[in-house]
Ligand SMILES: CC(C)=CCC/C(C)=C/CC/C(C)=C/COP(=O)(O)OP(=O)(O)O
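One chain comes next, on its own, written out as structure tokens in the form predicted on its own.
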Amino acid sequence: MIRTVESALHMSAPVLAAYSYCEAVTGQQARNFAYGIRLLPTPKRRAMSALYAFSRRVDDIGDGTLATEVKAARLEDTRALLTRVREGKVEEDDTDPVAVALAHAAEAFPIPLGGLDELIDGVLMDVQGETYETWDDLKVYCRCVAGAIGRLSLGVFGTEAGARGSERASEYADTLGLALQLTNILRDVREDAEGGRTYLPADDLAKFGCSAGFNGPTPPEGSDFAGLVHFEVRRARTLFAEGYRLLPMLDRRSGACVAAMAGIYRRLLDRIEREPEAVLRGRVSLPGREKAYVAVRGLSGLDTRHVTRRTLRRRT
């Protein structure tokens, strides 16, 4: 069983190598996420990279080209690995660096590992071709694949001692995860359609004449695609506003990390709102200089102070 050691100077070589592997995976596969966690102190950054690397493995199984039954079996194998981590049965010299890093992180921080079970459940929904009739249906999926990640991350971040309202921190982290996932769904609507997936609720698609789907660079004939996008953008903004109430409960660097990651997605949302049809032509993204600005803004505490002032006004 891995023993927690706070100082990197006393961390074993296998554990350091495992974290290095996870950080490399994060840097290569999740630029927005990697940009945000740069703002964290080293132990938290490493723990977050371990969470990402495990989550990436689960996502890659769901997104791959294997047969449905093979994907389902591999996801259950991954769940079995998670059980080993949870039960403290992963040794430092285990051949799986992601398991080694995650086991160490779970001992160093109070990470609710059940959130990774929820992630596996959500990816199983993808594998089984689940569709969503209503927003309430889609929320179940979003809470599994993104809300759970918010709650897992909160286990690493922690809350400031005496922070007002911290009993609701997990709820706000979950809601922020929903906001990020809905933004992802809007950004990837064409890519998902090409993969045979539709995430937006069927009743929303019908309301705006988009039930035919998004298999080309232009909206379905006669549809109000812009109306659909603006409707979902408003929903995402409401979720962001609620989820941002987490920021004043975090320490400065954790708050900066969350503000940076969420800020990148809010700016993506702004771009999608300005030009809805762009998501049908390719993936909308932000240039590096704009991400850097968002990171500096988060580190300066501007977003946290804004949320704090807004919350205080509501209470008076």
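Bear in mind that the values here come from a model prediction, so they are computed numbers and not experimental data. Residue numbers here begin at 1 and follow the sequence given.
What comes next is about the form predicted in complex with the ligand, which does not appear here.
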task = Please state whether every one of the three residues G150, G177 and V258 places a non-hydrogen atom within 4.5 angstroms of the ligand in the predicted complex.
result = yes
query = Is F157 close enough to the ligand in the predicted complex to count, meaning some heavy atom within 4.5 Å?
reply = yes
ask   = Any of the heavy atoms of R274 lying within 4.5 Å of the ligand in the predicted complex?
value = no
4.5 angstroms heavy atom contact with the ligand in the predicted complex for Y265 = yes
message = in the predicted complex, does L246 come within 4.5 Å of the ligand, counting heavy atoms only?
response = yes
request  = Select from the listed residues A146, V123, L138, I111 the one whose heavy atoms reach within 4.5 Å of the ligand in the predicted complex.
outcome  = A146
request  = Have a look at T198, S166, N184, T78 for me and say which one sits with a heavy atom within 4.5 Å of the ligand in the predicted complex.
outcome  = N184
task = Tell me the stretch among 184 to 192, 99 to 107, 203 to 211, 82 to 90 that has any heavy atom within 4.5 angstroms of the ligand in the predicted complex.
result = 184 to 192
key: Stretch 219 to 243 - residues with a heavy atom within 4.5 Å of the ligand in the predicted complex   = none
